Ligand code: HSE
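Below sits a lone chain in C-alpha cells, taken as the form predicted alone.
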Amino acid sequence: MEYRIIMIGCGTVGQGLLEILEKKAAFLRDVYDFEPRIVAITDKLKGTVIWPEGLQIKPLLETLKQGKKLNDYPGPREKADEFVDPLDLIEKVEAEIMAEMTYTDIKTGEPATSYIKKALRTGKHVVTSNKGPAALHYAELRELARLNNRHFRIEGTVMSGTPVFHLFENGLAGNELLQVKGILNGTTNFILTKMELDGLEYDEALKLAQQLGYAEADPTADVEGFDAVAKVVILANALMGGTLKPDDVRRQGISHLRKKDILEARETGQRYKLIASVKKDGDKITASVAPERLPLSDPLSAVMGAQNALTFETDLMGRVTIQGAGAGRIETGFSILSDMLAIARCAAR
C-alpha cells in the first residue's frame, strides 16, 4: 500500500530515515506491503522541495551530502524554495502521514506542537521523535488524534529506535506497569563509565564526550538531567496515564560527582548511574531523575558507554529489562519507520 509522507525537518534524523527508505525499499514493499512516497520536505536551514508524485530519494540524499539545499534537488519537482513555512505546507500538500523531526524545545514544545495539531486537523497521521510535544502536551495531542481518527505516535522520543511503546502495545499488552526505571541519557552514562573504567575526573570525561560528539558544547540538558526528565514524563503520561509536567519531577544531575565518589562506590560492589524512575502507587504517580548507586547484580549496572536501558515492573510478567541505542541517525530514523509501519498495519486490518 502506498503512503504519501510529508517530512518536517531534514537534519540527522530525517536523513537517517531517508537512507533507510532508500536502502530497504524493496524489502518494505515485499514483506510489509509498505510503499512510502515522500511528497514534500521542508527544513528551516535546508529549504523546501515538493513533488506530489514522490521525490527520488537517492539524488535527494546526494544533494544533501554535498552540502547543498533541498531546493537544489535535481529531480522532478513542483516547487523548490529557500523555505516554506511548515504550517502552510501541511495545509496545502496532500499526504497520509507527517513525520515531524524538528528541534526540541522542552519549555514550550513549539513550534512542533503547532505542526502536529495542524497535521491531525487536516487528516494526517503523525509520527515524531520530538520530545517537546510528547512531554508537554501528550494527552491533548492523543485526544486530538482520536477525535480525527488518526494516529499520534512517539516511539523515537525516549530510547530512539529501541522499542518502548511498541513493546507495551504488543509484546506486553495486558500488563499494568507499576514502575519503570532506567538509563535514558547516553551522554551521562558514557561520562560515568569513563570515570569508573578509565579513572577520569568529571571534567575530563565530559571533554572526551564532547570531542566524540556525545555531548553538546553546552552539556547542561544532559549532565543536569533535563533530557532524562522529559523522557521520564513521557513514560509516566503515555504508559501510566499520568498528567505530570517536567517541573513535577525531582531532578539532580551528575556534575557534582567526582572520581573518588565513583571509585568508592565500586569498592563496595556498587556502580553510579543516572537513573530516571517513575512509580505508580494507587492513583499517585511520582517521578525522579538522580544519580543512584546500584548493586552490580542490578541489570542496569551492567549498561556501559552510551547505551540506554529500562527495567519495567509489571503485574503479570514481573521485571522486564530492555537495552539498546538511545540515539543515532539510523536508530532514530528507524523509530520513525517503525511508527509508520504500525500505522500501515492498523489500516490493513
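If you're wondering where the values come from, they're calculated on a predicted model, not measured in any experiment. Residue positions are given as counts along the sequence shown, with the first one as 1.
One more form of this protein should be noted, the form predicted together with this ligand, which is absent from this view; the next part is about it.
Contact check for Gly186: a non-hydrogen atom falls within 4.5 Å of this ligand in the model of the complex.
None of the heavy atoms of Gly14 is located within 4.5 Å of this ligand in the model of the complex. Taking non-hydrogen atoms only, Lys181 never approaches this ligand to within 4.5 angstroms in the model of the complex.
Using a 4.5 angstroms threshold between heavy atoms, Gly326 counts as touching this ligand in the model of the complex. Comment: 220 to 228 is the region of 132 to 140, 220 to 228, 146 to 154, 237 to 245 lying near this ligand in the model of the complex, near meaning a non-hydrogen atom within 4.5 Å.
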